[in-house]
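Two separate entries follow, structure 1 and structure 2, each one form of the same protein chain as structure tokens.
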Structure 1
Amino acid sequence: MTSLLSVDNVTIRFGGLTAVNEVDLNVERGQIFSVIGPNGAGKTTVFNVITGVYEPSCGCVRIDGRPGARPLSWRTAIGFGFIALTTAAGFAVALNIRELWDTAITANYVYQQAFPWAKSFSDALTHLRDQPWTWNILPLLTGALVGLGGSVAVWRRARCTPDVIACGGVARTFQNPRLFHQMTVLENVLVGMDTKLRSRFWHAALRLPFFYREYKHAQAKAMELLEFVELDDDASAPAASLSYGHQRRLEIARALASEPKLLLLDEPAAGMNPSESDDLLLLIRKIRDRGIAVMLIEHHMDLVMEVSDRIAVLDYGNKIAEGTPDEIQADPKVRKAYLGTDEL
């Protein structure tokens, strides 16, 4: 059976620094998978690779057995051809600009008479046709190659960006909550639904019934998610007015609004008191019960050992262990990474 998420031999380098080195991870459906390790071990970098913030130096990330990237469509291929032709024409004109000006503009200009645009264009084409082939073919070929190569390079990077990954069913939270503080709690959750809404600006501008129906449905769904994270009483309050723990919950609700198959939580218990951490543990289990796999980065070891089905341990960008909570606690390499010794 294909894993929901497969991180295959992923390496990422920043200049001469290898932040993640040949890491393999597999997250199954309905699983709570934790990634732990000392500070600077590369945990958040792995999350950033999975969500398209960084492009791996080598290796690949697969979601449901497919690369988490936008496939090449016929519209994109037509766009490549158009850019190549436009660039080729631009190169040809640029290398003959002085001669074309004299032939097409200066020679056809007569004071106080209408300018003959059709004849000017015809003269320009004739001039280009009469040039030696090296003055026509080489600029056209060079321009086409530059245009095609540039557009392919841009598309290759843009096909695996965070918005594409989100549409593919992966959502995340961050170490520090990134909310729209001046917007209401409800509006923050509605923002997370953007990838699932079909309304466009002209639907709203023309006040079409479809827009109002979808907006009403989105509000109802947002309220259901706020009730799920126990924030429905604060729906109309500004996000900035929430406590830190509630801001964490709001960020989780916003991520769930995109209907993910996999939810990535980056240190969700950071800054929480013991009571809030216990509530978070229950919430993570409730998310898993909704059929959503959870991948977790956390330094709160009691929470990790209590909630995780499987744990991977990173140290200096390398995966040093993977297994069940009991296996991880018994692994001497893990104790050494955390404590500097393999003694209990």
Structure 2
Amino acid sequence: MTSLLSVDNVTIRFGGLTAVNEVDLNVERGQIFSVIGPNGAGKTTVFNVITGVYEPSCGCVRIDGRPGARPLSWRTAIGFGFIALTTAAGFAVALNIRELWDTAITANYVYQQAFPWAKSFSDALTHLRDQPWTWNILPLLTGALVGLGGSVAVWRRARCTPDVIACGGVARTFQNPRLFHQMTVLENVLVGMDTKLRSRFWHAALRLPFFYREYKHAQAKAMELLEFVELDDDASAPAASLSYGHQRRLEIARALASEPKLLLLDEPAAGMNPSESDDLLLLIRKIRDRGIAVMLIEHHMDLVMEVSDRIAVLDYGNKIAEGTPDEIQADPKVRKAYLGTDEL
């Protein structure tokens, strides 16, 4: 059975700086997996690669054994063809628009008489055909090329973006809470639910019954999640009005709203007092009990050692150790990274 998340041999370079160097990580289902390391070790960069914010320089990330990128489907390919044809036609028409209008419309239209559409259309085609090649073949080819090239380029760039990864079942929180401050707490959770909602533009614009049904359901689910993180009393408050600890919990609720298989928490206990971080520990366990694997970056060692099933240690972009909390605590290389070498 494949791991839920496998990071294979991932390297990221920013210019000359290698932020992450050939790192392998495997997270199994139902596991709490911590990534620790000194500041600047590349922990957040690894998270950014997993969620598609950065593209790895080499190596790959698989979720459930599949790469996160969107596959090329028949529908997309037909879409490319359609866009290429439309731009080709658009280029050819746009370049000849004056003469086309004169030959096809003005010449055929007798004031307030019925208009011969078929004749107008064939006139337009004849006119285009009789042009020298620079005025019909060339714009058609250029248009097709621009349309095809443009759509393929856009698709390639968009096939592995964070939203695609999020649809694949990976949700995250950020090192500094990045909430939608002007929205209410409930709306923040509803944004997280976006991938699960099926209502389209027309459902919302015209308030079709489907919209109401889905809205009620979504709202109930969002309230349930807010109860889960104990924020249900603040549901209608603006997110900016929450305290720092509450903002972190709201971020977790928002991430859970997309029903992820894997939740990435980037320093969730930063800035929390001991009792808050105890609550957090319980919350992380509760999340694991819902069947969601949790990947954690954290500096509070008490929390990490207590909650983790497995720990990986990064230092200067290299993975220097991986194992259970006990193994990590005993590892001399980890001690060296954190405390420096003994100089007796």
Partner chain sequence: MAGGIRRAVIVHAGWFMLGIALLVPILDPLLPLEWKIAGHMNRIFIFAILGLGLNVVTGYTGLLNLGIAAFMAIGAYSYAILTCDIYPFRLGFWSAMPITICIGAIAGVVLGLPTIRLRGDYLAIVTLGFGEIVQDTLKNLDNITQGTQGINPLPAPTFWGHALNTQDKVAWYYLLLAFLALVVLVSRNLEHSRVGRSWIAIREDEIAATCMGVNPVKAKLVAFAMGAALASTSGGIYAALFSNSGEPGNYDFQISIIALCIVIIGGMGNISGVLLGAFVIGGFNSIVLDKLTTLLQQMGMVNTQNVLTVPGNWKYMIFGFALILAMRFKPEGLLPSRQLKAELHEAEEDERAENARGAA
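Throughout, rigid core stands for the largest set of C-alpha atoms superposing within 1.5 Å between the two forms. Numbering for residues begins at 1 and runs along the sequence of structure 1. What you are looking at is a predicted structure, and each value in this text was computed from that prediction instead of being measured.
In this pair, the copy labelled structure 1 belongs to the form predicted on its own. Core-superposed comparison between the two structures: the C-alpha position of H127 differs by no less than 2 Å. In the core-superposed comparison between the two structures, F210 has its Cα shifted by less than 2 Å.
The rigid-core alignment places the CA of F228 less than 2 Å apart between the two structures. Summarising the core-aligned comparison between the two structures, the C-alpha atom of Q113 is found to shift 17.7 Å.
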